[in-house]
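Just the one chain here, laid out as structure tokens, in the form predicted alone.
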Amino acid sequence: MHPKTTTLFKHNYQATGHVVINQGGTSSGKTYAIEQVLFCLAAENEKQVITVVGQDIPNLKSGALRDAQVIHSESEILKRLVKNFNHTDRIFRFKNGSLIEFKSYANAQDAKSGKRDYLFVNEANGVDWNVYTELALRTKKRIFIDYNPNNGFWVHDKLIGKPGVQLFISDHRHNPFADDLMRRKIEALKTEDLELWKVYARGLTGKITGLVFDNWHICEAIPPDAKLIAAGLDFGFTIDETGCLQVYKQNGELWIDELIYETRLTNTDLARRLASSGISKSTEIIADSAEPKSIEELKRLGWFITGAKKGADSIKNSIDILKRYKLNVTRNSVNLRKELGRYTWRTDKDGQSINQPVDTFNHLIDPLRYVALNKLNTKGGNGVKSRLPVPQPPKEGTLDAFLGLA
């Protein structure tokens, strides 16, 4: 049924536990493999109700739902078996009466509606335990869970090690379809931050501390009376995403909306994406000054674009500026939210933080910094002070074992 499968597909498909937990590093292919299993279960059995749950709809659209659409589009068998896909309700309906639905729940009360045969909780560390409990009580056959193990949470406290619970730990080495450049980038974390490397390169439960920004919050939308300051732009191509966002100001707070987060965009592609994202050619775009050729090409295409004012201490200075503001990040800014939750200070050999951030997970944070460097007064802000958490050295002891994987 599926042209490309990994060992994770095999182990999830053959799982016998009522709860099947997939703890994994980045690019391990865990979400993709679980969804391949769900398509098989829906196709092989009539009138199955399968629910895929995420923290919110924007997260699902940018992750699990997008993967599901790719799986469907690449399988000729699935194309014949699936009756239709309802974009509004986010439901795949099968000719045999089965369905796969993609949903999020605001609270435990909301989660009491509906019953299902199979449940998949995607990026479970973003889903409340009480919501999970209500969903689990209404699931007849099997529950699949996946997440990056940035920190321990309810899965570790309440599920792992209990009867009927299976745990698979995976990383990019279990995914033969992962890009080699991405593999090298993931492994390079070992020289930057051992805790990040444990989590994202080996899928081991970590304790990521020393986050650079703790002054950000999720908002539903940009206030209509907020003033647009500028757009920020960071260039990427092969494995590094091109990131673009717009920054607004209202009542001494910053409001940020992600617009672009894609790889393999040429400057011509980027110009089209800027236009389709709604950026006006009169809006100033602050871009990475290390790419003068790209800046010039976009200028010739009619965009109001300038380079960021970098200097010896520009990274520290721009972070200091941003930490003076409350940062309101729109719910649709899924990738920026993920970066903010991973962007940490570097540590020395003793585990003490040094005044430099780890140079990764920053393709939207960097353009945010560019806007701060060029457009924000260093004396501005609303008086919010953020005390830097002191990172702890990695814990000694036995690491998690690979369970169920060769």
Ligand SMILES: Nc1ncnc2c1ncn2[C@@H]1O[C@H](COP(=O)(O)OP(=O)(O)O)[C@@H](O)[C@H]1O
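Sequential numbering from 1, following the sequence displayed. Values in this document were obtained by computation on a predicted structure and should not be read as measured data.
Missing here is the form predicted together with this ligand; even so, the following discussion is about that form.
- Each of 30, 36 and 67 is positioned with at least one heavy atom within 4.5 Å of this ligand in the predicted bound form.
- Comparing 130 to 138, 294 to 302, 210 to 218, 175 to 183 against this ligand in the predicted bound form, the single stretch with non-hydrogen atoms within 4.5 angstroms of it is 175 to 183.
- Residue contact check for residue 146: one or more of its heavy atoms lie within 4.5 Å of this ligand in the predicted bound form.
- Taking the partner from elsewhere, residue 26 is found to have a heavy atom lying within 4.5 Å of this ligand in the predicted bound form.
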